[in-house]
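Just the one chain here, laid out as structure tokens, in the form predicted alone.
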């Protein structure tokens, strides 16, 4: 087993980011995915500033190449629409000290972004790619894990990084993470061309419609006049209300008094496809003897926004750091691996818990309407919330009732 490469299962953002950082450390790894690239992945396609910041820290030339690609639209803010239709516009401000060459965020089809990441990984001599081949089994060994592939190849590894998404067999059936509907969301998405009224400043749209709370309808701009359009809701509410998400999506597109008018001349370019989001609002152990869970497999999706790419990237980088520590100490036990869980919680846990509290507030349309009125008439509040996107401690005020009472009397 000595000298055996690290195995990463899943070549999406979490697995790809782990492979890139392992290569940076000079650690050999095998990156496995059942898909060949480019391939579509049902997603909202939003790429937060976390991604560009981490890549820029690792290797600024990656960001330079990404900036040269015509596969993305720069994003400079968010338009929130309350159930009463009142808009709340929050511009992004760059993270302090990042010195990024481009925008604070992007929207890029996963078809294109994941393929870009695979091409970056192909530059790394330390990474072996096994694409288009599925994992057929995992076997615990005395020195790690044995991974069997559909090709007949068998790989022994001292450490397994599991990043194979929301439906990860390993996560559910071996690591034991549950599918708890209170900490899970369902969503549907389709691509359109020609949606009217897209914001020329590069803002994404989140519409908190009364019938969808605690969820939302989104419109995200894409290159060539296209848009990623979708709808998501927490799974326990879907079950309780017996919501058919595809029908709810079509109802908004066809009959919503405001939004439907924007789709009269729009062309649907894809089928309406559904996917699940394991939210980061639960508390689970995401590592064990000789393994770590990353990204969606670790249930790290933001409970409020549904964004998972940025947190997936963070988990990949942190997993690579933990891998380096394991190899240096020659320790792979569950107790030693707990450092991974603790660092994930330190870096992402507070933000995930705050997002969950905000998601719970969003269950009450009248509260969202009151907040929207406060924000809409007060530029100082807009500036404060813009700051909150890059200042987590300051962001905690969003769930403090006294913060909003003070704004009402300004």
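Fair warning: this is a prediction, and the values are worked out from it, not measured in the lab. Residue numbers count along the first chain shown, from 1.
Beyond the structure shown, there is the form predicted in complex with a small molecule, which is absent from this document and is the topic of what follows.
K.L.:
Is residue 356 close enough to touch the small molecule in the model of the complex, meaning at least one heavy atom pair within 4.5 Å?
P.N.:
Contact check for residue 356: no, nothing within 4.5 Å of the small molecule in the model of the complex.
K.L.:
Spell out, yes or no, whether the shortest heavy atom distance between residue 34 and the small molecule in the model of the complex is within 4.5 Å.
P.N.:
Output for residue 34 is yes: heavy atoms within 4.5 Å of the small molecule.
K.L.:
My question is simply whether residue 41 lines the interface with the small molecule in the model of the complex - judged by any non-hydrogen atom within 4.5 Å.
P.N.:
Residue 41: contacts the small molecule in the model of the complex.
K.L.:
Determine whether any heavy atom of residue 20 comes within 4.5 Å of a heavy atom of the small molecule in the model of the complex, and answer yes or no.
P.N.:
Because no heavy atom of residue 20 falls inside 4.5 Å of the small molecule in the model of the complex, the answer is no.
K.L.:
With the small molecule left out of view, which of 154, 258, 133, 339 would have a heavy atom within 4.5 Å of it in the model of the complex?
P.N.:
Checked against the cut-off, the match is 133.
K.L.:
Please identify the residue among 307, 120, 205, 112 with any heavy atom within 4.5 Å of the small molecule in the model of the complex.
P.N.:
Selected option: 307.
K.L.:
Would all three of 161, 316 and 332 be in contact with the small molecule in the model of the complex, where contact means some heavy atom lies within 4.5 Å?
P.N.:
Heavy-atom distance to the small molecule in the model of the complex: none of the three under 4.5 Å.
K.L.:
Within 4.5 Å, heavy atoms only, one stretch in 176-184, 294-302, 193-201, 236-244 touches the small molecule in the model of the complex. Which?
P.N.:
Result for this chain: 294-302.
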